[in-house]
Ligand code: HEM
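Take a look at this single chain, the form predicted on its own, given in structure tokens.
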Amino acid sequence: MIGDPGDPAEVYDGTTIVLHWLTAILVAIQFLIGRTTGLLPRGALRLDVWSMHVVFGFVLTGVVTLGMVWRARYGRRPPPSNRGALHLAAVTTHRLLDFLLLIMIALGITDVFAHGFPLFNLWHFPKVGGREFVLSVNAWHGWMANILAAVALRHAAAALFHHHVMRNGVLLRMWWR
């Protein structure tokens, strides 16, 4: 059980909090774009929306990288909020999210190059590989998006459970002040 969530030693630092929520927002936007853009008719609008997906993907890459470096070097590490199985589940979930984000980003970048993507039809990424490679990478990118979304939703549900059922201040540790 954590102490006073208003105590600076018990909460994450502001940079960690901003990068956490920026990552969450970008992942949600990317998932929605990835799952709905295929419903648009082929043409300029669809290409522009996919281009935004690519741009947001590169922004997400920067945010995730900065977040991991920040947490490792400068971020405040509050004491564990729980002991035993709950602590192990929290640590495992956080490491899994980091791993899935890195895999998703790598697959997304590979997907851009596999397609030779025409960013806003202004600049074309160099094409790497043939049709089978494109289809394979694209499928893996989609599967990873589903897995990442499921784990992220479980993470959010756990935070809400801590906040509304256990009432232990865990969510407040990662909330804006």
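Computed from a predicted model, the values in this text were never measured in an experiment. Position 1 is the first residue in the sequence shown; the rest follow in order.
Beyond the structure shown, there is the form predicted together with this ligand, which is absent from this document and is the topic of what follows.
Item checked: The unique member of W70, F133, F58, F120 whose heavy atoms fall within 4.5 Å of this ligand in the predicted complex -> Contact with this ligand in the predicted complex is made by F58 alone.
Note to self: Within 4.5 Å, heavy atoms only: does R83 come near this ligand in the predicted complex?
What the structure shows: No, R83 stays farther than 4.5 Å from this ligand in the predicted complex.
Notebook entry, point to check: So, in the predicted complex, is A159 in contact with this ligand at a 4.5 angstroms heavy atom limit?
Noted result: Yes - in the predicted complex, heavy atoms of A159 and this ligand come within 4.5 Å of each other.
Next item on the list: Using a 4.5 Å heavy atom cut-off, state whether I109 contacts this ligand in the predicted complex.
Entry: Result yes; I109 sits at the interface with this ligand in the predicted complex.
Next item on the list: Mark V63 yes when one of its heavy atoms lies within 4.5 Å of a heavy atom of this ligand in the predicted complex, and no otherwise.
Entry: No, V63 is distant from the partner.
Margin query: Can you list, in sequence order, the residues from 91-127 that come within 4.5 Å of this ligand in the predicted complex, counting heavy atoms only?
Written below: Residues within 4.5 Å: H94, R95, L97, D98, L101, M104, I105, G108, I109, D111, V112, H115, F117.
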